[in-house]
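Below you will find one chain, with nothing else, as structure tokens; this is the form predicted alone, and questions on how it binds or moves follow later.
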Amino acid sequence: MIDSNAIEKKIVDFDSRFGRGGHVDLYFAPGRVNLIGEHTDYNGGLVLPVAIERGTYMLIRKTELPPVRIYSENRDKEARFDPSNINRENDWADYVRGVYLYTKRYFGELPPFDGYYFGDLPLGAGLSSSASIELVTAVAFRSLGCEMTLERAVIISRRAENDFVGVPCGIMDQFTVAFAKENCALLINCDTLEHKYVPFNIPDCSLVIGHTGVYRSLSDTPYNTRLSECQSALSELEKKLGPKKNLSEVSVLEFEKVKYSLPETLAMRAEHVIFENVRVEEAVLCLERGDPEKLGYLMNRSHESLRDLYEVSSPELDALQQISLEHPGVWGCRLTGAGFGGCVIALVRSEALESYLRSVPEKYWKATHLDGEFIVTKPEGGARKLEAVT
């Protein structure tokens, strides 16, 4: 996390941009990485994410008069909007506008504010930067007198992304960013939102996030096509199996009996989702038993399924995954997030970490001519207020 000296400088920048006057509060929301369970969330399935130590910070000060003024240091862009007339502008501030709009709908009028966003989370890397900015905003509205629960913050943030920004994501990102617990993975049933904390019980192990250097926005990828294909696959399966709430209600045995009657592409999409749920359940047992070898095996099978059946990998992701697996001391590696670019997550023996960070970036550059970014992390806690700063 960003140290206190750096944060003090941000407060000076806040006052320089917005002027002095009034109390300023500081909030933080982490990014997230998914250990396993990809593209299952919007299919009502199981996921096993952790929050990471990097994230989005927000300095907020209540003001008396509109407009709302917000600034993103990472993008070096300022935005303003009228609280009484909120419209989508197709820029970074839509995430904030959407959270403000739906908070008003649930809780009534909110005062305007000045907001200064900064952080160390790569944007467009598949580490939930959008959910991070949504949740830090929702939780920071407590400084405006809006004492919403984390459950309500998740609902509002997802509505902001789905209905205002227009990205039909599942609920995993927002839920994880809100409810994550230090040193734990979070097993979530995305249909019922039942969840439990699973201690990250893998000794002598490091989690390394490797960013390919390929940035993407879900709205610019075939993400929506995959949603549609899953719905079509479910419709075809229901003709054989009867009503199902979602693909994740289909058992492996049921699927194996009827999969050859599905169009090939739909069968591939369904097979990934159904077997990915099984891999999540097995991964939970691995964490509970402290079994890195089996967990690594499951991560590798997940990557293969995402590459070959769900077709959301990329040459860069495949290259970084393969280079990682060839390094001694790496138990497993898989793409994490929606795919089409972004990141892999590697499970690395701690004694091999230094050599991994020394050799893999160079090998990846030689293979792709792209500079990867590598982040060593551990499970972090969820969105929260930090120590008062002024």
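Since we're looking at a predicted model, the values are computed, not measured. In this text, residue numbers run from 1 along the sequence as written.
In what follows, reference is made to the form predicted in complex with a small molecule, a form of this protein that is not presented.
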**Asked** According to a 4.5 angstroms non-hydrogen atom cut-off, is residue 173 in contact with the small molecule in the model of the complex?
**Response** yes
**Item:** Proximity of residue 169 to the small molecule in the model of the complex, heavy atoms at 4.5 Å
**Value:** yes
**Asked** Heavy atom to heavy atom, is residue 42 within 4.5 Å of the small molecule in the model of the complex?
**Response** yes
**Message:** Is it the case that residue 102, even though its partner is missing from this view, gets within 4.5 Å of the small molecule in the model of the complex, heavy atoms only?
**Reply:** no
**Item:** Interface residue in the model of the complex among 223, 71, 164, 92, criterion: non-hydrogen atom within 4.5 angstroms of the small molecule
**Value:** 223
**Complete:** Answer key, the small molecule contact in the model of the complex at 4.5 Å (heavy atoms) among 341, 49, 337, 55: the residue is 337
**Asked** Among 317 to 325, 34 to 42, 63 to 71, 361 to 369, which stretch has residues whose heavy atoms lie within 4.5 Å of the small molecule in the model of the complex?
**Response** 34 to 42
